[in-house]
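First, one chain by itself: the form predicted on its own, in structure tokens.
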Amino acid sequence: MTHIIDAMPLVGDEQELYDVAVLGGGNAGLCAAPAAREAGASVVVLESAPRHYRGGNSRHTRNLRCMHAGPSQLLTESYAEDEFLSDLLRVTGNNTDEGLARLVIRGSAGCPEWMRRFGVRFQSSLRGTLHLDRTNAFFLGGGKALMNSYYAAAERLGIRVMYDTEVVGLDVLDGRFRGATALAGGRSLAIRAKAAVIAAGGFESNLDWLREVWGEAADNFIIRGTPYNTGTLLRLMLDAGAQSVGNERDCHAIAVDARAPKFDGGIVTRLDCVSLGIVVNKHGERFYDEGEDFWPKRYAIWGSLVARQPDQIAFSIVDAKTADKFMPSVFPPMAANSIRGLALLLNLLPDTLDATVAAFNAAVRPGRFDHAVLDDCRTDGLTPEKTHWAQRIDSPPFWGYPLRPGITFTYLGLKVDERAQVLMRGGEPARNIYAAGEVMAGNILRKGYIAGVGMTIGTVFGRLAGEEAARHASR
């Protein structure tokens, strides 16, 4: 168990002093670091991963959502503040801090241009099941290229980056950060700074913590991103008296291919075919409306849905009519020329799956299929109904994909104010501790998700936290 070094001298083989210490080396941390450096601060970044795994979950991202007034080289049409907020409120069930949400939305408009200054390049956004060409700017080369650009910029700016450096203790007295104890290469380091930015993610990679929350079901979860997001700094800050936000049981969890690795499977294991067919559990039974809404507004609920099914397993089934309408998993589908044959491949009871598909087909009502809109293809007489994109599953070959809950990040985090300052349990902001990224995203996202908004939160609050930390350090 990690521990707090509270109101005691930091002890280490080496001691170093900086204006700003950024604890975490993902998107939020690498936005905070150059923002602080350009404001005149000396900056160190402590990254727990080795250099080749740097970047946290941001390595697996592709885009960020941003407000814009009109068409550009990156985005079509327009995406206004109120529409962005409406989308966010819809997926969160209005469970958000609207003031902080608007801060992020307004700040998003300037993100692409700011990112370009540090070498980030963009491409035209994707079409198809993602529906994001109007709302999301896509990184050329994906998240790894994004992070490589930021790290190269950090080197040019004279920011010190320390890899394989795990923070194991914080010296926090009366809401004031005085330093951190870290382990690096078998030696202990005492890092002192005038201000700190906490940007080390959530606890989704901490399997013991997940088991505390979910019980044995957690053993069947797949962690989509880095194995280094263990929640150590989150736990340390909560122990030091920081206010929490969000529920520790809630998480961004999507349906991923059950054949994915335990960690770091990333985007290529995601399955985007759910809305185009049906999903059944291990008993061959449907359990949720696959066509409830556009995929980018609903894909983040499917991990939790699968987690609540027996043995945390489900199966997505589509036919030849829709096989070319979604981005496939890195793993090939299981394919058969009959539903009964597919059931055998998926280890399902053939009679049960055959009956489920037959009942679904009989309930489909005529409509004009159009996956680009909320069409009128639906079922009638089923529980649950499929409200959009319902087509008979009758054209071989039939494809099946096994699904597991794939956790992207956890919603439990540190409560912050509009200056990115961490709020302590007494209600006052910490004097010199700021937070950005996943570790504070629960202020805005306490449930649900819309594609790209996590990167938007990390970018906007990373810049803000870096600037505020540098301002404090200059006093």
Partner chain sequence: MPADELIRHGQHVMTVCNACRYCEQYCPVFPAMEQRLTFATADLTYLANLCHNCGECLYACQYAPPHEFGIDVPRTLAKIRARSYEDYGWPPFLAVAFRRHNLLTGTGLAAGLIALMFAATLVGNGGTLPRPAGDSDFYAVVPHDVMVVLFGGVFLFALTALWIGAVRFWRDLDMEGVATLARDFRALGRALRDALTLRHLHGSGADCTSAEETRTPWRRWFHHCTFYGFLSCFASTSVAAIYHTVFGWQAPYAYTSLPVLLGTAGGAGLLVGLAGLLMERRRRDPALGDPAQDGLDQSFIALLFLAALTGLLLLVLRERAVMSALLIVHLGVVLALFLTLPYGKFVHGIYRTAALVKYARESLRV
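Note that this is a predicted model, so its numbers are computed, not measured. Positions refer to the first chain, counted from 1. Each form is matched to the other, and the largest set of C-alpha atoms that superpose within 1.5 Å is called the rigid core.
Beyond what is shown, the protein has a form predicted in complex with its partner chain; the following relates to that form.
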Exercise for the section: Report the residue, out of 124, 86, 337, 72, that has at least one non-hydrogen atom within 4.5 angstroms of its partner chain in the model of the complex. Expected result: 124
Fill in the blank from the handout: Partner-free chain; cross-checking its partner chain in the model of the complex, the single residue of 344, 359, 320, 140 with a heavy atom within 4.5 Å is 140
Practice task
Report yes if any heavy atom of residue 149 sits within 4.5 Å of a heavy atom of its partner chain in the model of the complex; otherwise report no.
Solution key: yes
Exercise for the section: May I ask you to check whether residue 425 falls inside a 4.5 Å heavy atom distance of its partner chain in the model of the complex? Expected result: no
Handout entry: Exercise: residue 266 in contact with its partner chain in the model of the complex, heavy atom 4.5 Å
Key = yes
Practice task
Please run the contact check for residue 65 against its partner chain in the model of the complex: heavy atoms, 4.5 angstroms, yes or no?
Solution key: no
Exercise for the section: Tell me the stretch among 45-53, 443-451, 428-436, 410-418 that has any heavy atom within 4.5 angstroms of its partner chain in the model of the complex. Expected result: 45-53
Exercise for the section: For the heavy atom contacts within 4.5 Å of its partner chain in the model of the complex, list the residues of 57-88 involved, in sequence order. Expected result: 59, 60, 61, 62
Problem - Post core alignment: residue 399 C-alpha displaced by 2 Å or more between this form and the one not shown - result: yes
Exercise for the section: Could you tell me whether the Cα atom of residue 272 shifts by at least 2 Å between this form and the one not shown after core superposition? Expected result: yes
Handout entry: C-alpha of residue 228 off by 2 Å or more between this form and the one not shown on rigid core
Key = no
